[in-house]
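To begin, one chain is listed below as structure tokens, in the form predicted alone.
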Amino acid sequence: MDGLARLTPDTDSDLLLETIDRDGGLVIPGLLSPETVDQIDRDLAPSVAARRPGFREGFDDTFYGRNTVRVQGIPAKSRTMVDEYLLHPTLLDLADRVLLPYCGDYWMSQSETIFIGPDNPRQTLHRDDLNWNLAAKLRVPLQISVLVALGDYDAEVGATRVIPRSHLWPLDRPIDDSLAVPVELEPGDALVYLGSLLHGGGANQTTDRWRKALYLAYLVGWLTPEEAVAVSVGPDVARTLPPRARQLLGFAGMPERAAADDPAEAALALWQLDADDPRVVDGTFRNR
């Protein structure tokens, strides 16, 4: 129905890479277990209940969704999200293969709930890469985005619409909305796609159901994340997390690659003064 391949989390890495390169996206059924989905949903429930729909008062919510609840700072609200989603080996392996040829390392650009409520209209088709429009003109992969279903995710309730293989189109090609197809998911299933793929949230045509997704994006380390991640997470939470999570969340210098052989490539690391072994100490970094 959605025109995207569906490959299990244990699929051969080469096939995952080949598929996302060809189609711009793919579906990974059962990326997260039912127990993990339930735990993340419970972790986030108080923040979701406290957050009013829409972006902010007086703002045009056509794009963000006037009846859509978006909550950020997810790693500080759910340790399960960090351990089972942000650090999922299948996602990190795919991000390594797609992004590392173009950067010293990558980090998390954003994570947020995207809970689309009843009568919310469909979102304009767009490319996430155009948040960095000059870099997007390089036509290299800038980020990988993931949407995991935490509840209902069918076409009627607003499943994400995509145009398969549109990541190969010129950026100035007119967008034909009729080519978009909904990607329906079960709880725990993931839609994984390149930031250059045209996509958008669907219209919620129900009166009593919410489309529940948790978004995550990995971004090349030489671009500024969409979310102020280190602010939303904070050093007290960061110091409790595994080293790779701290790197992804901006609390540790990312490892330089090929420093001895290619200084230009090594410079693509996020920073260099704290690149040896930065430690979070009272909100600051300290070299060895």
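Worth saying up front: this structure is predicted, and the values here are computed from it rather than measured. All residue numbers refer to positions in the sequence shown, first residue = 1.
There is also a form predicted in complex with a small molecule; it is not shown, and the following applies to it.
The small molecule contact in the predicted bound form: residue 63, any heavy atom under 4.5 Å: Flag for residue 63 set to yes.
(message) Check residue 51 for me: does it contact the small molecule in the predicted bound form (non-hydrogen atoms, 4.5 angstroms)?
(response) Answer no; every heavy atom of residue 51 is more than 4.5 Å from the small molecule in the predicted bound form.
**OP:** State yes or no: in the predicted bound form, is some non-hydrogen atom of residue 126 no more than 4.5 angstroms from a non-hydrogen atom of the small molecule?
**Re:** So residue 126 counts as contacting the small molecule.
* Asked: Is there a heavy atom of residue 195 lying 4.5 Å or less from a heavy atom of the small molecule in the predicted bound form?
  -> Outside the cut-off, so no.
Heavy atom within 4.5 Å of the small molecule in the predicted bound form: which of 77, 167, 199, 88? The residue in contact is 199.
### Position in contact with the small molecule when the complex is considered in the predicted bound form, options 147, 108, 81, 150, heavy atoms within 4.5 Å
The residue from 147, 108, 81, 150 that makes the contact is 147.
Candidate stretches 114 to 122, 92 to 100, 169 to 177, 134 to 142, one within 4.5 Å of the small molecule in the predicted bound form by heavy atom: Among the listed stretches, the partner-contacting one is 114 to 122.
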